[in-house]
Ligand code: NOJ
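Okay, here we've got a single chain as structure tokens, the form predicted on its own, with questions on binding and movement later.
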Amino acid sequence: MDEAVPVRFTQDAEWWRSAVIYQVYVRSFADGDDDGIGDLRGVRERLPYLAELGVDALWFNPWYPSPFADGGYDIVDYRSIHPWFGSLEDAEALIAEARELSIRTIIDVVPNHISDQHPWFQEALAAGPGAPARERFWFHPGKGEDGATIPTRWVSSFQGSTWTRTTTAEGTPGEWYLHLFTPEQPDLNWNHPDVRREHEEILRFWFDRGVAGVRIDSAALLVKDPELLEVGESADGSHPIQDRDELHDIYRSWRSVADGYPEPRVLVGEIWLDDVDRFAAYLRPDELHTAFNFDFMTRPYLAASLRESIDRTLRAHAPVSAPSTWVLSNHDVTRPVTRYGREKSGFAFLDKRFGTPTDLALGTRRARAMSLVVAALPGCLYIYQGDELGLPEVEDLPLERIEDPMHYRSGGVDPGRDGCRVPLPWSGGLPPYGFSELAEPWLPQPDDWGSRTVAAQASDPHSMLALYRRTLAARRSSDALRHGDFAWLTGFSADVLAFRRGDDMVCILNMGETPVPLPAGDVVIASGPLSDDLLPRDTAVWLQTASAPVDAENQG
């Protein structure tokens, strides 16, 4: 390891309230054994890069054994590592080596479902109808005289049916089983004690190995209505498969496990809910520590919409004293430099189409500006690997190389999510750009990424990487940005986002046509060139100033 990298680790039990967390999609981060697939050895070799970037923690997408029917979110064994990525010993070494560099580790858990190759599900299939092994899942007879009609009309998160019919040992049609995602991902029955016990033991397994926390996939989907009512049929208005009240007892139990360690472990929920009060309920002091803020990430590049999302987010978190989280993208979402260069700059899964026009220069300028905004907001910040390099979405992948089930289940209409999962470019002028030594990466990289490599950007003071490094360093050194109160500034037009953190740190983003005069103060960092104390369009700046007036009625 690079001994020049400073160790800045602290024992602060609430480090997660203002942390910078970097998302590692292992398969596409760095290939340490030259087979074209990223692995834990590759991550270990690049830990100095992550320390220099200035992150506090790494969040790893699932690294477990899996058939990869859905990018590794179909898990066979939670206590091991997929052979592509290495071994359990590699994971333990990575956790320890990262910690030496003051970087904590967060891993994914996927409690809603498992792989259809998991021993539990294979046992259930072999056991047949009525067997205890099937009670861990949602097996159910079909409707109609011959049972050929699906038990419910619940819609899959990946489009299409949520039920698949089994075949009996005699070769005849059998029961149906529930899967909110692909048929290879059967949903678990969280009313079963085996399911609850197993997941608590999984938490302890990884916490005992030094993992600092878990990110909980599809955290609001675990519990289903045992009556299998359709959406809208419940007398109390509850949803049959989402945000059911029984979930809170599960997460209180998980919190008890997490708090049982000398350095408490952190629970982070992936929760997509429009109701802010229902969302906040998961963040009560005895449940989850934080949850992803998807509302901000999906908003269009419009000042009024972003301001509304910021207000909404801060209001939702305030009653439960939980920190907000801010993120511009992840492994499921079109990358910011592409998204912000489009006429429709928000994000919705059902809107994704091939051939959508994009102005990458505009998108890059806006993504640079937005990186300053999210880093200045109160709470913790997530960065998806490659966003610090300004990587665009790769939208011309050969169709035969696409793996994402969202593409296939849409009938080929949705380009899928592989475009944001293309392996990172580290050095050189041609693929594989140092991702592998010689092997072709599992997804092809564009031929024009030579200027986007880590090596090329590290020597360019105007690059996206240089901007991210300066931003995170300034954020870390500013008490106002880490702990200061939030307040909107007055005196700016509706096309400007302007707010203060603490007593003297100001962030201003000009989203309008006309340059904006800046208040007096010292420029800490800017996303682009400034001219004559004017802030150009699609540019953000941090100022240290005590002269900018705040809106006393809108403070957080």
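In this text, all values refer to a predicted model and were calculated from it rather than measured experimentally. Quick note: we count residues from 1 along the sequence shown, nothing fancier.
Just so you know, the form predicted in complex with ligand NOJ exists too; it's not on screen, but the next bit is about it.
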>> Considering non-hydrogen atoms and a 4.5 Å limit, which listed residue (W154, Y73, Y340, W442) is close to ligand NOJ in the predicted complex?
In response: Y73
> Quick one: of H82, R335, H317, R417, which gets a non-hydrogen atom within 4.5 angstroms of ligand NOJ in the predicted complex?
Replying inline: R417
>> Looking at 253 to 261, 362 to 370, 132 to 140, 180 to 188, which stretch has residues with any non-hydrogen atom within 4.5 Å of ligand NOJ in the predicted complex?
In response: 180 to 188
>> Can you tell me if F158 lies within 4.5 angstroms of ligand NOJ in the predicted complex, counting non-hydrogen atoms only?
In response: yes
> With a 4.5 Å heavy atom cut-off, would you call E270 a contact of ligand NOJ in the predicted complex?
Replying inline: yes
> Is there a heavy atom of D217 no more than 4.5 Å from a heavy atom of ligand NOJ in the predicted complex?
Replying inline: yes
> Does R421 reach ligand NOJ in the predicted complex if we count a contact as any heavy atom within 4.5 Å?
Replying inline: yes
> Can you name the residues of 111 to 135 that have a heavy atom within 4.5 Å of ligand NOJ in the predicted complex?
Replying inline: H113
